[in-house]
Structure formats: structure tokens, C-alpha cells
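Okay, so here's just one chain, in C-alpha cells, the form predicted on its own.
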Amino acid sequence: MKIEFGNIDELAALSPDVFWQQYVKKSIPVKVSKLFDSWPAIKNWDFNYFKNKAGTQRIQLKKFSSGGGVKVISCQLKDYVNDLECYDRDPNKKHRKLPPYCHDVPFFHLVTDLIDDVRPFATEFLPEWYRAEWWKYAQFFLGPAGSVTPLHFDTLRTHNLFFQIHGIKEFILLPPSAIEYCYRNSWRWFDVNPRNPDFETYPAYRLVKPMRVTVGPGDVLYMPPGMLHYVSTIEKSISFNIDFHTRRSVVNSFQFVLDGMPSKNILYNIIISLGLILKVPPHYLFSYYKSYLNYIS
């Protein structure tokens, strides 16, 4: 019997009330097309825009290996963009090594001018505790076509709002109930490649039927806590996401302490619970949480 999630809802419009009642509370993913396509970012953001804004800024880049291994390197943003441009222009790129992936970088902290490019921002799609300075919790993804994030779930068991700005990505989504069929190798990484599964090596994956969804400029994808996702960059791409907790999800996260959740993750979730449950204002807590934005797990 296959583990099926069904088809993901793909909507042309979505109100915050319906979002919370029909999707967040029910832990159902949803894609909304062109929700923020009036943002200046949709027109302006490309790799050269970032290069001109912050070319000398040092950024972290990631190289993913099979099984979720991550090697981190750093360089100036201008050098990374130049590398991407050379790769993109090369007609023989199939025989050239893929550049690393600019993955989970808090660009709004590094280049605060970028915040003006994503207004007006509908903060009602976030819990009230996050709204005043929502941009503090955003992490960016820049990379060439062919960049991949292996199958995983979000490390704090948070909700995930993913904003596609430039280029196209494909997500393969699996419900948390599929975990036991995907050959978990660590806290949140899995061995199966759902885009090209090896059924001889991973026979149990035959029991899983994943969802596929493509996002383009202006699209927003919501993924509930614990959802497995494998992300492929189809065209060179700029995106960002916001991981957020609700009171319910942060309380639920502590049940995974016995399931291998790293101690550092527990600490971050305790920090967020102080805000969401005990109402400690964000400005008192963010300095303790900020390191999560560069956290590798």
C-alpha cells in the first residue's frame, strides 16, 4: 500500500485567514502563484544586482554530498557571481564542475537595502511574534541550474514559507509518515534520491508516492513541520524562506528529543518557545537565536 499525500493545492489567491485555518492548522502544503509579483525584487533581483549591492561581502557556500554531508567554503559575493556567470555561459557546462550553492545565507542582515525590494510584505502570513521584524528570520538561496538540496526535513521542525524570486525550482514533497521508507541516515537527512530513486538499493521507497511542485518568480510555497523535501534548481535561481514556529509546533518539537534531535536544536526551540508561549519580546531573544541562521545540521 503506497504512502500518498495527494495533490498539492495550487492557488491563484489566498487570504491569511484561509491560510491559517485550512493549511497551517491542518498541516497541508500549498502553493500560491504570483502572491508577491508586485515586489520590486521580482523585476530587479538577479545575480548582478546582488553583486553590485554587496560584491565584497564574504558569504558561505555549501557543497552537498550523498547522505546529506555538507562541506562549507567561503568567498566574496562578486567572485561567486563571476563563477556562476562563467558556468552559465559555458556551452560545455555538462562537463564542468557545478559551482557550490549559496544556501541558507541571511542576506537581509548583510544587505539591509534588500528589504525595501520585498514590500509590501503581508506579515499576516506569520505569527504575530515574528511580524515586526520578519526579515530577521529569512535565509537566502542563490545557485545555478543543477543545484540540489538532498531529501531532508527542516531541522527545528518549523513551518516553512518559501519565496521564489528569480528562476525556477522544483520541489519533491513527502509527508512525515514517509520517513521510515526513505532510509534516514542522520537527524534530518535521507539517502533516497526521489528524483531518480534506486529501488534496488532502497526497495522500501517503492511504497512512497511523492508530490511534485514547480515554483517560479512571485510564487510562494508553504510546507508544514516535518515535511520531507528534495529541491532542484531548474533555472539559475534566487529565493528566500522563513522558518517559523507556532505555539503548537514549538511544543510538538520537544517530542522529537528522543528521536535524535540535536541538543543545539532543542536550545533554539526553547528560545522560540519563550517568545511564543511566555510572550518574551523578540528583541530580547533574537541575539540568542541569530546563530541559527548560519547553523549547519
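Just count from 1 along the sequence shown to find any residue number. These figures come from a predicted structure and were not determined experimentally.
Absent from the display: the form predicted together with a small molecule. The rest refers to it.
Novice: Among 261, 231, 30, 250, which has at least one heavy atom within 4.5 Å of the small molecule in the predicted complex?
Specialist: Flagged contact: 231.
Novice: Please identify the residue among 103, 166, 184, 157 with any heavy atom within 4.5 Å of the small molecule in the predicted complex.
Specialist: For this set of options, the contacting one is 103.
Novice: If we define contact as a non-hydrogen atom of the residue within 4.5 angstroms of the partner, is residue 125 a contact of the small molecule in the predicted complex?
Specialist: Looking in the predicted complex, residue contacts with the small molecule do not include residue 125, since no heavy atom lies within 4.5 Å.
Novice: Heavy atoms within 4.5 Å of the small molecule in the predicted complex: does residue 162 have any?
Specialist: Because a heavy atom of residue 162 falls inside 4.5 Å of the small molecule in the predicted complex, the answer is yes.
Novice: With the partner left out of view, is residue 241 within 4.5 angstroms of the small molecule in the predicted complex by any non-hydrogen atom?
Specialist: Close contact exists here: in the predicted complex, residue 241 approaches the small molecule to within 4.5 Å, heavy atoms only.
Novice: Heavy atom to heavy atom, is residue 141 within 4.5 Å of the small molecule in the predicted complex?
Specialist: Yes - in the predicted complex, heavy atoms of residue 141 and the small molecule come within 4.5 Å of each other.
Novice: What stretch, of 108 to 116, 75 to 83, 190 to 198, 144 to 152, brings heavy atoms to within 4.5 Å of the small molecule in the predicted complex?
Specialist: It is the stretch 144 to 152.
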